[in-house]
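We give structure tokens for two forms of one protein chain below, kept apart as structure 1 and structure 2.
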Structure 1
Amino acid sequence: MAAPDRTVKGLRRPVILMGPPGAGKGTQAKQLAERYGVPHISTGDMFREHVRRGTELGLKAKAVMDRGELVPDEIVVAMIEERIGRPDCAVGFVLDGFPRTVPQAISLDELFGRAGRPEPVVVRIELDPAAVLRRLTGRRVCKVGGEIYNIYDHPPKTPDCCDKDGGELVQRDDDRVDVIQDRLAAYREHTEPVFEYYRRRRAVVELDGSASPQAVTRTLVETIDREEARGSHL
């Protein structure tokens, strides 16, 4: 069943998508951004934009990243504050994979409070570790156009060759088993507590990420439309 059409664009409440690596947060955030006509905000995109523009925040972040260290929360939150303060975020936005830690969640709540934003809709896309490994170890990316395949669930017609442009399909460095396991460990240590932080405030909706991307999108849209209609508190 197709998700119901909306006649009004925009989101009254910020949407935060969370979940383990490989759960499909980026894919779903793009779908939501297109459907509701709002920006899709990810920390990775913000870092690249600020570094490219040579902003003060970008230079600070680059110096830290060049040392192989994590960008401090105060820089990340400052970037978020600058981004959601732009005119295109007046109609709402979707945060992809942020906050990653409890201190970041607390800072984000304070930021929303200062800006007069309503309580966010927090969605956790769940996926078990075995499914994460299958998705990520099977992922292949076209070197030419960036198209994404999965050798298990969505293989190309010709092995290692993109159906669209014939480009070579490669595995990303962070899709190796050892790297994925490290990412999952970091997720359990740092991000799982964020769910408990939000859950204590009754502000988490949990969805099954093992379904097809189209099915997850339908459920996600139905959930967000319901929460939008309900108001500022879950």
Structure 2
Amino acid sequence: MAAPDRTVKGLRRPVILMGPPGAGKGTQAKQLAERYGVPHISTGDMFREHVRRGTELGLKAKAVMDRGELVPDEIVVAMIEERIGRPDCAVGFVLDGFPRTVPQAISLDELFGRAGRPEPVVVRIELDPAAVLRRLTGRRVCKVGGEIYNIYDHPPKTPDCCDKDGGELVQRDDDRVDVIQDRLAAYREHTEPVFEYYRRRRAVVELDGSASPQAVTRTLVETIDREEARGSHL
């Protein structure tokens, strides 16, 4: 059963979606952004946009991303600071793929503290490495609107063509098996310690990412609505 529609838009508390590559962060962040009427902020999408536009940052980021490594902290933090300072973030936002190192998490806490933002709701979506591999090798993304598909579990009605806007569906350059293994290694080394950092300071909500996308969205919405009702400050 679908969760009831909210009439009040916006999120008082920032939402942070974490989890391994392919856990469903982007898929879920899009649903939440639509439901609550807030921006979906994906650092991966921001870098891919720089790559598409051929900026200097895009050239640097592409080399790092194609190796499955992480872009240096100072670059990502500056990008996030600028983005969450924009007026559209006043109503709240969903972070997807940030923070993914302990220094990034510390910087984010400082940014939230300075801006007087309430405690974030931190969600960890879990998925085992075999499922990650299947999902990422099957992922296709619309070149126009960024809609996410999967040739195994969520195919478009017409092959290689987006159901929503007819855009071409493409495979990400970093969704090759060798790069996926390196992304998983980077996740274990740099991002898993972030959960320890958070657990020492606040609750981390853990979700099973292997459930259907609809079931994960339902649980997320229930969790966020419950956490929103509580509220606390850094």
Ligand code: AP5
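Each residue is numbered by where it sits in the sequence of structure 1, with counting from 1. As the structure is a prediction and not an experimental result, all values here were calculated from the model. Throughout, rigid core stands for the largest set of C-alpha atoms superposing within 1.5 Å between the two forms.
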query	finding
Chain form predicted alone: structure number out of two	1
Shift of P39 between structures 1 and 2 at or above 2 Å (CA, core fit)	no
Displaced residue check between structures 1 and 2: T27, CA, 2 Å or over, core reference	no
Rigid core fit then H50 CA moved by 2 Å or more between structures 1 and 2	yes
Cα displacement of G146 between structures 1 and 2, core-superposed (Å)	6.5
Rigid core superposed, the C-alpha shift at R172 between structures 1 and 2 in Å	3.7
